[in-house]
Ligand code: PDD
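Read the single chain below, which is given as structure tokens and is the form predicted alone.
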Amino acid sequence: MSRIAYVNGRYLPAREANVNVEDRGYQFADGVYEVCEVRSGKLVDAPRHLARLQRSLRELRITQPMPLTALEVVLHETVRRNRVDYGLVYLQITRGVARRDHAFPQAAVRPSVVVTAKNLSYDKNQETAKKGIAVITTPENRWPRVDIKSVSLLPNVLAKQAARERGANEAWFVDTDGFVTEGSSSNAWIVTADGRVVTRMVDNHILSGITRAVLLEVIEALQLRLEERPFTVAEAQAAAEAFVTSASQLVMPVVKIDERTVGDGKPGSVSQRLREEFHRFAHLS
């Protein structure tokens, strides 16, 4: 079946979907995006994703192209047309099409909206979680407003590629003080030897992950001890467990950091429990 994309009001076969070469997303990465998990054909935590999208648009002073309720309808329809049962739906909004100039267009332009959806393998994701993944570390080199979910992701792309070339699944950025900020496409977590779950507090140096936000509710319900603070690479390597969170990976155990084994080299009980409980707290629509 041909994949279908939504582009500026039209549902088109993916091979026919395109944007203008002077779209500012293409020229300047002047846009924002969201990625939402799809489970049983339903959107997972759509209200949180759309609220974060609205914040990103506001921070970059991009006009919201339509009400959030209408955007959610487009997301659902794109998922339906692509017959996605388990997978992801991607939404991107750019400032729009204008003659190339670094400053904002002087005349008002319509934002560009693109939505795509794709199926993923649930079984493959589960198998990966049973084994755990490896991560590498890399110096933090991104702009200081990664709390905005911008399409400007070149440092993330290079970090992810470096991870793959070293046989790992993810890269963790490390700031100049030696603290882990987050992954190239995920939030980073550890579990200490005495059972405390640790993740960096939300600030301008990390993205406020939607999966992260839901997991905080899971942790509270399970009465686990939570610490929102920075942690070093050495602390992570010496931890009982480590894991990452994202819409595509949910709670994914980390069993190796820079070739150093974490814990006993197997997914730990805390990360496994959090993964099992996650969808009891997530919102499906």
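From 1 onward, residues are counted along the sequence shown. Since the structure is predicted, the reported quantities are computational estimates derived from the model, not experimental observations.
FYI, the form predicted together with N-(5'-phosphopyridoxyl)-D-alanine (PDD) isn't displayed, but the following is about it.
- Contact check at 4.5 Å (heavy atoms) against N-(5'-phosphopyridoxyl)-D-alanine (PDD) in the predicted bound form: all three of N156, N187 and I210 pass.
- Using a 4.5 Å cutoff between non-hydrogen atoms, L43 does not count as a contact of N-(5'-phosphopyridoxyl)-D-alanine (PDD) in the predicted bound form.
- For V233, no non-hydrogen atom is located within 4.5 Å of N-(5'-phosphopyridoxyl)-D-alanine (PDD) in the predicted bound form, even though that partner is not displayed.
- Within 4.5 Å of some heavy atom of N-(5'-phosphopyridoxyl)-D-alanine (PDD) in the predicted bound form lies at least one heavy atom of A247.
- Remark: F28 does not count among the residues lining N-(5'-phosphopyridoxyl)-D-alanine (PDD) in the predicted bound form, judged by a heavy atom distance of 4.5 Å or less.
- Exactly one listed residue, out of L226, A240, L60, V35, brings a non-hydrogen atom to within 4.5 Å of N-(5'-phosphopyridoxyl)-D-alanine (PDD) in the predicted bound form: V35.
- Checking 256 to 264, 63 to 71, 217 to 225, 48 to 56 against N-(5'-phosphopyridoxyl)-D-alanine (PDD) in the predicted bound form, the stretch whose residues place heavy atoms within 4.5 Å of it is 48 to 56.
- Although N-(5'-phosphopyridoxyl)-D-alanine (PDD) is not shown here, in the predicted bound form the stretch 165 to 184 places heavy atoms of E182, G183, S184 within 4.5 Å of it, in sequence order.
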